[in-house]
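Encoded as C-alpha cells, the following chain is the form predicted alone, with no partner shown.
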Amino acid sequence: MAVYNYDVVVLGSGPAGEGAAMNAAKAGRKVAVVDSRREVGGNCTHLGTIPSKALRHSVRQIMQFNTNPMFRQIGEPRWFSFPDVLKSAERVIAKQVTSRTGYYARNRIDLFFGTGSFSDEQTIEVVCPNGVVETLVAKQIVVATGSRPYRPADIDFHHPRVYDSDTILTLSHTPRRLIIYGAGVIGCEYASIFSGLGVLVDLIDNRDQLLSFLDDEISDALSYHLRNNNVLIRHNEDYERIEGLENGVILHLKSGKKIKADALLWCNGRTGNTDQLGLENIGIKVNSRGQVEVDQHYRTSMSNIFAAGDVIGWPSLASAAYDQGRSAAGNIVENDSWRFVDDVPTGIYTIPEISSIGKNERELTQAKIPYEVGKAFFKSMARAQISNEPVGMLKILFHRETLEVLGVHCFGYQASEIVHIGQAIMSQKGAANSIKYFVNTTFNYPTMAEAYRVAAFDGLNRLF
C-alpha cells in the first residue's frame, strides 16, 4: 500500500473540486484530486448541468425547426426520439472531460480514481476500481463530493419506468406521457425539455407557485409558457404512493387523484454525497440531507478540513460551486482570493430561460424600499425579431431616489447572458451603481443587451 504526501487533497472533481484544486496549485501547493469516476468533471459534467443544458439546446433547435415557416420549404415537422437527442449531450460531455483533464495535467495535479474516505483528519484512503488501496496524507483537505437525487425509501427506483434526474439520462424510449414529481429548477427544466419533444407532461408541485423564489411576474410567465406547451401543472399536491406497472406507472396523490403515465421522473430534492466519506471517523456531522456545515470561510468543524459546492447545500449551482471551491483554497493558501459567495445570479434553463440577480418586487415591498420598475419587452426588440425570439422581457428594479439598481430579472432568449450586464453595474459602489448608466452608454444595435437602455428609459419615465 503506497503512501503519498500532499499539501492539499481535494475530494471530488466537479466545479467546486476543480476550483479548489486549481487555486491551490497556482499558489504553489502540491495537490491531489480524488474522484469516484474514471473521468473528471463530477456530476455537473456527467449527469447534471452539462447534459441537461445540451439536451435543452437540441430540443430548442427542434422546436425552431418545427415551428418556423421558413423550414417548411425543407420538409415537414419532424419527430425526434429522446435517445437521438441525448447523443448530442454525450458529445459535449466527452469534450468537457478532455478540456478538464488537460487543466489538471497542465497544473501538475495528481488524479486518483476511486472511493476516498477519511481514516483520520489528515489521511484519505482511496479504494481504486482494481481493489488497490492508496493512502494520501495532506495538511489540508477539501470535501467537494457534490450531491445526488434524494430517494425516499418507499419508492422503487429499480422499477424500469421510475427515474430520477441522474437515471433519466439512460432513458431508452420516448414516453408519450410523463409525470415529473417536483417542480423545482430541475423539474421545470425537464418539463420544458420533454414537452418540447411532444411529450405530455404532468408537473406535480408541492407548493402553490412555481419557483417561488423568483419575481412573481417571472414565475407567472414561466407557468404560462409551460402550460402553453402542453405541460399540466398541479399545485399543492403530495404523493401517497407510486405504483409501478409493466408498461407504465400510476401516481397516487394524497388528494385522492390518480395519474397514469408511461414513466415517472422524480425531481424532489438532493442529498449530499457524504455517506462513504467516513466523516464519523473524524467527528464531522452532517444534516438529514447529508450536507456538511461550514462557516463563512468554508471551514468545517475540523480546522484543516474545508467543504464547498453542493455538499454544503445552498445555492447548489455549478457557478457558485466553482467560486466556493476557489475561496476554500484561497483560505488555505492565504492569497487574497477568498470571498463568501452570496451574490450568485440565478440561471434557470427552461424554455424560455430565466435569470435574475438582486431583490425582487415582493422583497422590496416587504422591506418598504421605494422602488420603481423599468421594462423592455423582447417582442419590440430588433434583435429578438430577427432571431424570431419574441417571448420574454428584461425588468430592472431601482431605487426611486438614489436610482441605485436593486434587482435585474430576465425571462426569454439569452436571459442567462443578459443578466451579467446588470450584475456588473450592481457590483459598483456609490453613484456608479445607477440606472442612468444604461441611458448614458451606447449599446450595439441590434442586440439583446440593448434591452437595458429600453428598460432604463421606461423606468425613468415613471418618475415624477
Ligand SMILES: Cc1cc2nc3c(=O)[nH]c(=O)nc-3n(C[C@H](O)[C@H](O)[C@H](O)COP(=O)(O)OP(=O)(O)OC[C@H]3O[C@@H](n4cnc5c(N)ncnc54)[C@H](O)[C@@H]3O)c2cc1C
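The first residue of the shown sequence is 1; numbering continues from there. The model shown is predicted, which means the values in this text are computed figures rather than measured ones.
This next part talks about the form predicted in complex with the named molecule, which is not shown.
request  = Sort through 63 to 71, 31 to 39, 401 to 409, 425 to 433 and report the only stretch with a non-hydrogen atom within 4.5 Å of the named molecule in the predicted complex.
outcome  = Contact criterion met by 31 to 39 only.
key: Answer option from S223, N360, N331, T115, heavy atom within 4.5 Å of the named molecule in the predicted complex   = Only one listed residue qualifies here, and that residue is T115.
key: Contacting member of I186, I179, M381, I305, with respect to the named molecule in the predicted complex [4.5 Å, heavy atom]   = Looking at I186, I179, M381, I305 one by one, just I186 meets the 4.5 Å heavy-atom criterion.
query = Is A321 close to the named molecule in the predicted complex, meaning a heavy atom pair under 4.5 Å apart or at it?
reply = Within the cut-off, so yes.
key: Exercise: A144 in contact with the named molecule in the predicted complex, heavy atom 4.5 Å   = Close contact exists here: in the predicted complex, A144 approaches the named molecule to within 4.5 Å, heavy atoms only.
query = Looking at the partner-bound form in the predicted complex, is L317 within 4.5 Å of the named molecule by any heavy atom?
reply = The answer is yes: L317 has a heavy atom within 4.5 Å of the named molecule.
Contact flag, R270 vs the named molecule in the predicted complex, heavy atom cut 4.5 Å = Residue-level check for R270: yes, a contact with the named molecule.
Partner contacts for 357 to 384, taking the named molecule in the predicted complex and a 4.5 Å heavy atom cut-off = Residues within 4.5 Å: none.
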